[in-house]
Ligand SMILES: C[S@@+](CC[C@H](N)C(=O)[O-])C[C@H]1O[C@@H](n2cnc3c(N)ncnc32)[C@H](O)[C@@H]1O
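Before any questions on how it binds or moves, here is one chain, the form predicted alone, in structure tokens.
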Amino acid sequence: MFTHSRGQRRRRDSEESERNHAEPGGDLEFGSYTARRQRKSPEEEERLEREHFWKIINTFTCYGSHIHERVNRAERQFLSLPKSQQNMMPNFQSNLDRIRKCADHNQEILQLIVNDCTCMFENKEYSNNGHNKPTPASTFDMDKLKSTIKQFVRDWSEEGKSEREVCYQPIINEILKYFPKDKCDPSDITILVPGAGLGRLAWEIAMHGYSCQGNEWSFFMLFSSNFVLNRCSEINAFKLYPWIHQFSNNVRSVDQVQPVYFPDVNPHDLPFNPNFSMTAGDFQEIYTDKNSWDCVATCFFIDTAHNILDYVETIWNILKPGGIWINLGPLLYHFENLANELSIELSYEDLKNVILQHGFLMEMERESVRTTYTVNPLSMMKYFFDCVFFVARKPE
């Protein structure tokens, strides 16, 4: 079903990274770990890499106990109220019991996701080496896991369809416009999707017959995309309860325990012998071959950079002459408020000037595409983004 690419093996530093791909007719495999260059010894980098891998596995494993602690806290606070007030809320504790059952179910799915992760990477196995004793996960890691659960909604559920139509479909439409199937063989068109997340956009592009490769560096996303793309073959065979972590802004108590089923399609229903692959690792480290891609499609990605100018330069370098860069997303710079982290925050006006100075030609531009991101449609609170959407061409 998938082809596999191999790359130079490098080590990682702080956050999640790797590489993935697969062989025709087999699973989508994940290649050896690739991340930012370090000034540590190979042995030290190997140790840090393995520790990080097992730290994320541990986060998946500790999810259930973490949610139970949160529910127990809510129950303790309820029981601290005067009996007269408790009596006004006769269904409060029964709702907490429902949340506990939902958390247990989520834990079962998360355990399925990580069951085969130690062997998911090409030429690389993460033997546990004593990392099999669960320890409490950090709040940061647990929040990332909760966000990953919501990614299942966005990428692989019927409830995420509206977001995909606003964010993914315009990108796909531009690909079909610039590389029409009646004028080219789509399998000859190479398209890269950095920040692929759980892989739906890259999968949709491959469904049209194009040679598409997704790239992702988060272990949370990689474990989950591996599960969907390789272990899910029946529509809506699994369910998650993505909103049980939300204790505020619920209209009804039952809204908190609404299930979401996935996948809404069979991920294995790709065209015959598709050229679809995934890489795991740092975008700038993996993609260094110049003039090698017909199209780079970025969706909610470019603001993940420490230095967004580096991303622009990398995209310019790897695009073939005449190739196009399609981008849709906001500029919510991920490292803006993190101490001791480089973060270059440009306005869109300044970013556009940088893009033009590199030599790109703006083929199309819209400065307001209104959308949500992993929104809970039942919540009283919703965040909206006015995204920029453009197509930039690297001249022949």
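The first residue of the shown sequence is 1; numbering continues from there. Keep in mind that this is a model prediction, so the values were computed, not measured.
Just so it is clear, the following notes concern the form predicted in complex with the named molecule, a form of the same protein that is not shown.
J.: Determine which one of 190 to 198, 223 to 231, 250 to 258, 84 to 92 lies within 4.5 Å of the named molecule in the predicted bound form, judging by heavy atom distances; exactly one does.
T.: Stretch 190 to 198 is the one.
J.: Can you confirm whether Asp155, Trp217 and Gly281, the three residues that make up this candidate site, all sit within 4.5 Å of the named molecule in the predicted bound form, judged by heavy atoms?
T.: All of them do, each having a heavy atom within 4.5 Å of the partner.
J.: So the named molecule isn't shown here. In the predicted bound form, which residue out of Phe300, Phe179, Phe238, Trp316 has a non-hydrogen atom within 4.5 Å of it?
T.: Partner contact (heavy atom, 4.5 Å) among the options: Phe300.
J.: Scan Trp203, Tyr168, Trp243, Phe262 and let me know which has any heavy atom within 4.5 Å of the named molecule in the predicted bound form.
T.: If I apply the 4.5 Å criterion carefully, the residue I get is Tyr168.
J.: Is there a non-hydrogen atom of His334 within 4.5 angstroms of a non-hydrogen atom of the named molecule in the predicted bound form?
T.: Yes, contact at 4.5 Å.
J.: Examine Asn275 and determine whether its closest non-hydrogen atom to the named molecule in the predicted bound form is within 4.5 angstroms.
T.: Flag for Asn275 set to no.
J.: Taking the shortest heavy atom distance, is Asn106 within 4.5 Å of the named molecule in the predicted bound form?
T.: Although the named molecule is absent here, Asn106 would stay clear of it in the predicted bound form, with no heavy atoms inside 4.5 Å.
J.: With a cut-off of 4.5 Å between heavy atoms, is Thr304 one of the residues that contacts the named molecule in the predicted bound form?
T.: Thr304 belongs to the contact set for the named molecule.
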